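Shown here is one chain on its own, the form predicted alone, set out as structure tokens.
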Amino acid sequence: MTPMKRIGNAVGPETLPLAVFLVVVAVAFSLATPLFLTGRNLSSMAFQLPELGLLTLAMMVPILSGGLNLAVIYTANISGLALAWTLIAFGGPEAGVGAFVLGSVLALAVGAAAGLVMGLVVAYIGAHPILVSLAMMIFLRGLGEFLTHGGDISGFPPFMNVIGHGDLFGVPVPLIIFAVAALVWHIMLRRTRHGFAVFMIGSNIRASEYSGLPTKRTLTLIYTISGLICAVAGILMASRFNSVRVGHGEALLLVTVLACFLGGVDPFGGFGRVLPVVLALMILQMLSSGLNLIGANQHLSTAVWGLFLIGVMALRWFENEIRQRKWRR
């Protein structure tokens, strides 16, 4: 395969339309308000995007396999709680770096454990991923509410601000974390046997089994990795807001699904790329920030996201119809 073909395969045909749409949105809001292209607003978007981006990556791979992970938000929050409890146990604001490292390890373990349980049930019991992840979502929410009595846990050491609000050579640290995660996701999906198995399972799980692919092991690993990246998002959110709450970011669940579909991920599995999903995230973040700057109601953004989801599904349907007609001819 030539270098140009490799680049085209990694980028995908859906990237150019998304890039054009991204420019159109940026130009439209820059004309609507002079505050949109200011350094302050761009910096704000750069700090807000990563947590949604990490949660979207956690949603993306289960969708590629033909499933879904409705528990991404609560997995992130319960992982953040594990970090918070560890820091509080070691003195809260006076906790040292060692306590943060220990808490982060526990947070990652909690997120991976939640994903592992879902993966085992989906792979070995054969339950539908929507039902399994819904049950996990309800369980984690109830457990978190019980343990925290519906309140917040706050009071973390000041050095955590570097993770949530710091920058490296002018680039926000959260954005660096997301960029690294997106690159790892791209390599995992395009350059590893696990990534190949994910796409094959999403295309046809029965055929994948007959061809000798380890479908059960792959499904278990898919949800475990999803839970792991949710934990990273939980650590980042705790660092940004200096507090953890079970219900934080509930509205982001819709946006993670929307970003995947807008980025060209097939809702039935088997097809999708990381770069278009990243562009879709940037578009949605611009829409949210732009609407906020022009004084639109906060709930209007949610309504716009919902309309986008309906529009994307309609466009996909028309595209499939056109392809089928061409094929018949």
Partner chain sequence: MRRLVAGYPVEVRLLAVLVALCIGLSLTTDTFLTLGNITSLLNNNAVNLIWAVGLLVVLIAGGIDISFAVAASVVQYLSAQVFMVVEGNWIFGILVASAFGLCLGLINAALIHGFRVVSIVITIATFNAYFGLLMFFTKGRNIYDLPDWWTDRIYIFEHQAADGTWSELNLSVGIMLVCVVLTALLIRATTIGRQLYAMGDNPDGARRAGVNIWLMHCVAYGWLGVMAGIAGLCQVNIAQEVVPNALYGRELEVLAAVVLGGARLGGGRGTVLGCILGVLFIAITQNGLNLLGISPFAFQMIIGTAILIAISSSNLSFNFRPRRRAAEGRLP
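Predicted, not measured: the structure shown is a model, and the values here were computed from it. Only the largest set of C-alpha atoms that superpose within 1.5 Å between the two forms is called the rigid core. Numbering follows the first chain given and starts at 1.
Beyond what is shown, the protein has a form predicted in complex with the partner chain; the following relates to that form.
Between the partner chain and the residues G91, G98, P158, G150, the one pair within 4.5 Å by heavy atoms in the predicted complex involves G150. Checked against the partner chain in the predicted complex, the residues S44, S30, T302, N292 give one hit for a heavy atom within 4.5 Å, which is T302. Of the stretches 103-111, 68-76, 165-173, 239-247, only 68-76 has residues with a heavy atom within 4.5 Å of the partner chain in the predicted complex. Three-residue candidate spot L16, L35 and M282; no residue lies within 4.5 angstroms of the partner chain in the predicted complex by any non-hydrogen atom. Using a 4.5 Å cutoff between non-hydrogen atoms, L258 counts as a contact of the partner chain in the predicted complex.
Interface membership of A251, defined by any non-hydrogen atom within 4.5 Å of the partner chain in the predicted complex, is confirmed.
For the chain shown alone, L309 is a contact residue for the partner chain in the predicted complex, at least one non-hydrogen atom being within 4.5 angstroms. By the criterion of a heavy atom within 4.5 Å, I130 is counted among the residues contacting the partner chain in the predicted complex. Residues of 126-147 that come within 4.5 Å of the partner chain in the predicted complex, judged by any heavy atom, are G126, A127, H128, I130, L131, V132, L134, A135, M137, I138, F139, R141, G142, L143, E145, F146 in sequence order.
Relative to the superposed rigid core, V25 undergoes a CA displacement smaller than 2 Å between this form and the one not shown. Between this form and the other one, the CA-CA gap for V20 and M313 narrows by 3 Å or more, being smaller in the predicted complex. Compared with the form shown, the V20-V312 C-alpha separation decreases in the predicted complex, the change being 3 Å or greater.
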